[in-house]
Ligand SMILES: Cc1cc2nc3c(=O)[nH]c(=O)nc-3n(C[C@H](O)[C@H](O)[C@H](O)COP(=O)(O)OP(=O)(O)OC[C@H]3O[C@@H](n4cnc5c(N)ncnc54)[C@H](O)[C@@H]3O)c2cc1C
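Consider the single chain below, provided in structure tokens and representing the form predicted on its own.
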């Protein structure tokens, strides 16, 4: 039976980034994922914001062109609001290539990655897998998605508020316009969220997301209806890929860590409640999680774990949770039309630009300061 310092369950961006950081500190790290290939089961659109691109080393070849324009459409889709930044705000990634890059860097650091291994449970004794030998782990990191089984086994909090999203990804024949991020606010197609069209230089992503209880006809039907005449979409060529899944929007969970392990990424609720963006927070929280894990395993001091306090992190985004609640309650197209109209003024455009082009990050954590201040 193998023994490891850290077992990471889930080889998404959060899991692989955390594994690399831990392995670089000399820990014996194993990563398992039930997928046999990291190019399958991709769920995210792969939109990276400027502050992520500034702060993290991502392979440029896997990133599409910079996007500076965001168009906000009301339900009528007439006269969209165009917001333009003086710098590149978004780049859409080929996520299969991003995952493969993260895998290579984690393995280069010394982490062992095993695909096609399905986690069963870790509540008592060695960690069990389907069809594989159990593993004894000093610490377990749950990076296994929005409906984390690791969280339940460790007795940690679980996500309870979700949007459900789906998108169509298809190749484009050629680019004829400057790339832009098209966002349609319409509760008939995306109750509590939006429909989007954005491209990564190779493919166009057309998607919708919303609260499942309000999607009376189902997300796939709404997506197909939206894709038929979505603004900004290029004429598709070649095969079409479909992807989607749950998006936790209740914010970072309060109980994220215990002496047996902790949660990162979607499993931790590390997704902006307002914008539903999860790539930036998953990387930032992974750095904090890795710092806390290293300190705990080296000292055995459980007080170190307090630095990974979900309750403290939640206080940093109360405004986003409030706006999420307001957005969730706007189920009338007329109300959304009026809200978009309010954004046309100077103050409204400033608020929209702050949300879409802001310099802050979610959550805004400094793992060095927080681990140093832990009692």
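Positions refer to the first chain, counted from 1. Owing to the predicted nature of the structure, the values given are computational and were not obtained by experimental measurement.
What follows is about the form predicted together with the ligand, which we do not show.
For the candidate spot formed by 166, 244 and 266, every residue has a non-hydrogen atom within 4.5 angstroms of the ligand in the model of the complex.
The ligand in the model of the complex comes within 4.5 Å of no heavy atom belonging to residue 73. Residue contact with the ligand in the model of the complex: residue 250 places no heavy atom within 4.5 Å of it. Not displayed here, the ligand is approached by residue 149 to within 4.5 Å at the level of heavy atoms in the model of the complex. A residue is said to contact a partner when one of its heavy atoms sits within 4.5 Å of a partner heavy atom; residue 276 meets this definition for the ligand in the model of the complex.
A heavy atom within 4.5 Å of the ligand in the model of the complex is found for one listed residue only; from 314, 349, 35, 306, this is 35.
Only one of the listed residues (137, 154, 189, 117) places a non-hydrogen atom within 4.5 angstroms of the ligand in the model of the complex, and that residue is 117. Comment: 277 to 285 is the region of 221 to 229, 154 to 162, 101 to 109, 277 to 285 lying near the ligand in the model of the complex, near meaning a non-hydrogen atom within 4.5 Å. Of the residues in 35 to 60, those that come within 4.5 Å of the ligand in the model of the complex through at least one heavy atom are, in sequence order, 35, 43, 44, 45, 46, 47.
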